[in-house]
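A lone chain, given as structure tokens: the form predicted on its own.
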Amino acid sequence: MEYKSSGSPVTFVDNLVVPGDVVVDLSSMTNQTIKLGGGLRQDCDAISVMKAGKLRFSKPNKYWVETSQKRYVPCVEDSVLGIVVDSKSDNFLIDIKGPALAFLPVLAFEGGTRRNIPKFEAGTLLYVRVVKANPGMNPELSCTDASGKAAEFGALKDGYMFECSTGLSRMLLSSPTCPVLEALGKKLSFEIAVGLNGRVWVNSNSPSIVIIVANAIMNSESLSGVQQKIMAEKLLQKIQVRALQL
């Protein structure tokens, strides 16, 4: 098999890559640490691509291959939306759209002890962080950030959850702010939680706003940044016209 290779991953960032491409040659990099996300693997001194997509980079040092797919492959440090399936004495079993159920230890919460174990019914929606994702093993989750604080993690109450592709999820979490969310956020008041596993939760005091935001997000996947803004602005104008007619 022939390989494309480069001493610097910058050559490939935001470009299409295919399985077999070598995007980083570690032998040419000194005193540098990089984190690998989905779609990449290390073979000796070579970081190679495992699936087709675009190579992405987030500061300070994480690289991954972005693809648009329904199936989610768990990766360490991913923030995901999980649904409680069952509870055991030591763990909650969580559906994160992966190939296997994940487990959330009952003590994986800020200040978690045996005296204050949370109680979640089947169907409860949780915003969690992937802390272990080894091949052939059930992923392990946590409801704390790397410093042990709850941060934004935990149960999500009320609202509406819908599923989308993993590519759309990453677009919504991109920096700078995704155009469709930026446009809607200027006029509408709502909460949103996006999981890298292709799940999005939206909540607002007004059910109609929840529907508007959810539909706008789902319609934005195949649109460019400019097209997203135009679509959102037209949607907001229609809302204003209807409000005046009432």
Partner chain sequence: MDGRLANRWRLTVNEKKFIETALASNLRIDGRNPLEYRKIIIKFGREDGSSEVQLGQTHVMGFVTGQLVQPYQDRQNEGMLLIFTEFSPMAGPSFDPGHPGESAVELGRIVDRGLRDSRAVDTESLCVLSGKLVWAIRIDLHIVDNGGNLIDAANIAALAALLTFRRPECTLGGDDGQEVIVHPPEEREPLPLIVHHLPVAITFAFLGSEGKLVVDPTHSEEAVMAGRLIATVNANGDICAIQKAGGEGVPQSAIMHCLQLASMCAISITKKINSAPWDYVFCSKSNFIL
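If you're wondering where the values come from, they're calculated on a predicted model, not measured in any experiment. Residue numbers count along the first chain shown, from 1.
Just so it is clear, the following notes concern the form predicted in complex with its partner chain, a form of the same protein that is not shown.
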Exactly one of 76, 107, 151, 100 has a non-hydrogen atom within 4.5 Å of its partner chain in the model of the complex; which residue is it? 100
Have a look at 176, 111, 123, 135 for me and say which one sits with a heavy atom within 4.5 Å of its partner chain in the model of the complex. 123
Mark residue 119 yes when one of its heavy atoms lies within 4.5 Å of a heavy atom of its partner chain in the model of the complex, and no otherwise. no
Is residue 208 near its partner chain? Define near as a heavy atom within 4.5 Å, in the model of the complex. yes
Contact test in the model of the complex: residue 215 vs its partner chain, heavy atoms, 4.5 Å: yes
At 4.5 Å between heavy atoms, is residue 95 in contact with its partner chain in the model of the complex? yes
Quick check for you: of 164-172, 79-87, 127-135, 143-151, which stretch puts a non-hydrogen atom within 4.5 Å of its partner chain in the model of the complex? 79-87
Its partner chain in the model of the complex - contacting residues of 174-200, heavy atom within 4.5 Å: none
